[in-house]
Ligand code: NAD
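The chain that follows stands alone, in the form predicted on its own, written as structure tokens.
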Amino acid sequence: MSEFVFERLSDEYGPEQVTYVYEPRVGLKGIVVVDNSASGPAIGGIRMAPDVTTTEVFRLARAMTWKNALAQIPHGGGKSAILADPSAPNKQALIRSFARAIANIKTYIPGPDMGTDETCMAWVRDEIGRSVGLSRVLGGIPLDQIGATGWGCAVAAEVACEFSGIKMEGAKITIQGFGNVGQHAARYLVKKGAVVVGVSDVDGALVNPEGLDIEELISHRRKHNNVTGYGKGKVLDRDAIIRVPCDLFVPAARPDVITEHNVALLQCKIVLQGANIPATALAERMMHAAGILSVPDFVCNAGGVICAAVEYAGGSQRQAFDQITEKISDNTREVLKLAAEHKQMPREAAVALAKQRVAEAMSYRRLG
């Protein structure tokens, strides 16, 4: 991390450690940020994408610090990235090399993230003996396969609807990013009575005001790797999903997809942040000023890390879902209640609450 970036982003909460990884023999370039481990070893995913920056990894690690503190799990926040295309032919070699390079960073427990999955976590565990999000055959709880993050988003959506005067039954949903999080969020929201009227992926957006058959659409995307070829809806440019009228908009793709330049296009009452840091700070302030309830990422998408913590402690899938339901429901309600009482943005209320919990954990550490 350059001195400028470090000074701009560091504070009393972290980061504790920033490590760059370089292995030219396999073309590996990587970044690890352990932001805060006061509550326990940091859990955070390995993101794999060619354009990830140090600043992005730090912001994601900090989001994990707040997320884990708010969820009250015995882990701090961290994140890492491998700067490579996730479809690279030498993906296994890259991940195994990365795992060996971080073997001595004992305060960091890797998990799956964008571009990595349970197979990647199995390679990591094979190399260094620690990871989460493993397959069942290895005794893990495959959080992407079961849709732990998507389930948490659906739980948070129910609470957000209460605060916005929206009935979940018949609520119209649009989802940007129809990957692991977006697909499972759609599935669980539909089971709760909502109607998904639009989705998008890298190829484009598909919109049907009468509702999309989510199970059919998921099956189509698995076979064809797109949503636009499904045929039962209107095909739009992928960025057009943000302006489709709905009750809840779920950004579940990359960071900073909602900015001051497009936030005015939103036609929804609630933004449920399924992705990590999907909106810029200014865009969040503009949503708040426009009366859009924006549920912060580290409040509503904590299902994956809660599941990971249960797995790391030897718990079961049922225990994981029970904890996700309880923790995300309680935290979403507490954050939105505090925000309403203090006339704050939900993120301000959530960060204040998370900071209290991190500060308390830090106060118990031995000085020097």
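Here the rigid core means the biggest group of C-alpha atoms that line up within 1.5 Å when the two forms are laid on top of each other. Residue positions are given as counts along the sequence shown, with the first one as 1. What you see is a predicted model, and the numbers here were worked out from it, not measured in a lab.
Beyond what is shown, the protein has a form predicted together with the ligand; the following relates to that form.
Q: Spell it out for me: taking the ligand in the model of the complex, does every residue among V181, D201 and A253 have a heavy atom no farther than 4.5 Å from it?
A: Every residue of the candidate spot has a heavy atom within 4.5 Å of the ligand in the model of the complex.
Q: So in the model of the complex, is the ligand close enough to D247 to count as touching (4.5 Å, heavy atoms)?
A: Contact check for D247: no, nothing within 4.5 Å of the ligand in the model of the complex.
Q: With the partner left out here, check for me: in the model of the complex, does some heavy atom of M287 sit within 4.5 Å of the ligand?
A: Residue-level check for M287: no, no contact with the ligand.
Q: Since only the chain is shown here, I'm wondering whether G115 would be in contact with the ligand in the model of the complex (any heavy atom pair within 4.5 Å).
A: Heavy-atom contact with the ligand at 4.5 Å: absent for G115.
Q: Using 4.5 Å between non-hydrogen atoms, is T228 touching the ligand in the model of the complex?
A: Output for T228 is no: heavy atoms all beyond 4.5 Å of the ligand.
Q: Report the residue, out of I270, A71, A275, V197, that has at least one non-hydrogen atom within 4.5 angstroms of the ligand in the model of the complex.
A: When the ligand is considered in the model of the complex, the option within 4.5 Å is A275.
Q: May I ask you to choose, among S80, T149, T174, S294, the residue with a heavy atom within 4.5 Å of the ligand in the model of the complex?
A: It is T149 that has a heavy atom within 4.5 Å of the partner.
Q: Using a 4.5 Å heavy atom cut-off, which stretch among 161-169, 140-148, 121-129, 100-108 contacts the ligand in the model of the complex?
A: Only one stretch qualifies here: 140-148.
Q: Even though the chain is shown alone, can you say which residues of 53-78 have a heavy atom within 4.5 Å of the ligand in the model of the complex?
A: The one in contact is K67.
Q: Please check if L60 moves between this form and the one not shown, taking a CA shift of 2 Å or more relative to the superposed core as movement.
A: Shift at L60: 2 Å or more after core fit.
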